[in-house]
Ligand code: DIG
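The chain that follows stands alone, in the form predicted alone, written as structure tokens.
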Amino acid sequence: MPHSYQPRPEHKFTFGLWTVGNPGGDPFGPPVRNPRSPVELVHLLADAGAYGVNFHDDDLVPIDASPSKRDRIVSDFKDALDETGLTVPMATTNLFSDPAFRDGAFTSHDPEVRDYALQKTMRAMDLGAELGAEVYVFWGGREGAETDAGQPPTDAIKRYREAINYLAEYNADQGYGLRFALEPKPNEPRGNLFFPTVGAMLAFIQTLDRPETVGVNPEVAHEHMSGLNFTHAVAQAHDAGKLFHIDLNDQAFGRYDQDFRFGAESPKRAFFLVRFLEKVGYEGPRHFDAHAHRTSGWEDVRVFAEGCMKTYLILKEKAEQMRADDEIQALLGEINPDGHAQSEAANGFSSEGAASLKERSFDREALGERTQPYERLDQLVTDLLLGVR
């Protein structure tokens, strides 16, 4: 692999145990790869050049493990981290697989289920903090409905708010300093999930008791499956100061959650995302929430992991080339000739300014005749990505 495409610790590339550990099962067929232990997966990721490994609680410790087995598994995992130098930047809780959560976890009608979900999450937070996690992700895979006959959505929103508030207080009480990252998704596995988009999560966060400790974890596939523009969603989160974590993969519009290798389906959209993240200086982990095809064996799984990181670095290099391309930069200057000139809105409101603006004369026809050569610009970017520029 060329030196420029070799992952390094400063790139902060991470994978979940559930990503490289995916055994290749789907709703139409059983697993096709023999399971690998968390220790084996840590070594696989280290060999591929990753920076860190993330996990759901059940990925690491089986849900029915005894305390002694739990301690042994965690000890072995710590040893593997020490041997490889991998870190644990993020942890999360599985609140969607067990039948107890068939009708939700934090939003369940059953208060016993809601309390069990809180207990499970607190214990998982303990484990994440023990292993050095700084971000704690919440994906409400069962927090949704197939029919609205059961409960008003406002009940679900209220219960979810109560849970996040409770866990934020637990986080503060224990002194963990975890930053919570809420992960939206429009549907699957439920017919409709209660917080479908980044915008929905950002609005919800402002209703919490500790909004400063809560951000979002946007995922490529979760926005693309609804036909939305992921880069725009990430920009909105960044602008709000709430981009606490990010999940990178790829996805075709209108399909089930495919979790393809990063850039495998839509390399151009992946390019604009990488360009944005690098331009704004995003400092968090680049987490790949993807998995290899069902056709892959374990050697191909390692190649998949390497491919996610390599594609990111290739697109990062392309973004640098775009910044250094004189013709492209000249076109950008033509499209935005006034550079960073301020409009009246950017200057802020004043009664005098508003009165002056109302009296200003505009040449509406001249404004309508201005053109922007986006076709030429976009073709140059396409040429760059296809390697002919």
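The structure displayed is predicted, hence computed values, not measured ones. Position 1 is the first residue in the sequence shown; the rest follow in order.
Quick note: we don't show the form predicted together with 2,5-dideoxy-2,5-imino-D-glucitol (DIG), though the next part is all about it.
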| query | finding |
| --- | --- |
| Of Asn217, Thr121, Thr107, Gln251, the one that lies within 4.5 Å of 2,5-dideoxy-2,5-imino-D-glucitol (DIG) in the model of the complex (heavy atoms) | Asn217 |
| One residue of Tyr176, Phe272, Phe96, Tyr282 in contact with 2,5-dideoxy-2,5-imino-D-glucitol (DIG), assessed in the model of the complex (non-hydrogen atom, 4.5 angstroms) | Phe96 |
| Residue contact check: Ala117 to 2,5-dideoxy-2,5-imino-D-glucitol (DIG) in the model of the complex, 4.5 Å heavy atom | no |
| Glu143: touches 2,5-dideoxy-2,5-imino-D-glucitol (DIG) in the model of the complex, heavy atom cutoff 4.5 angstroms | no |
| Touches 2,5-dideoxy-2,5-imino-D-glucitol (DIG) in the model of the complex: Tyr160 (any heavy atom, 4.5 Å) | no |
| Phe101: touches 2,5-dideoxy-2,5-imino-D-glucitol (DIG) in the model of the complex, heavy atom cutoff 4.5 angstroms | no |
| Contact segment among 168-176, 284-292, 208-216, 307-315, judged by heavy atoms lying within 4.5 Å of 2,5-dideoxy-2,5-imino-D-glucitol (DIG) in the model of the complex | 284-292 |
| Stretch 70-97 - residues with a heavy atom within 4.5 Å of 2,5-dideoxy-2,5-imino-D-glucitol (DIG) in the model of the complex | Met90, Thr92, Phe96 |
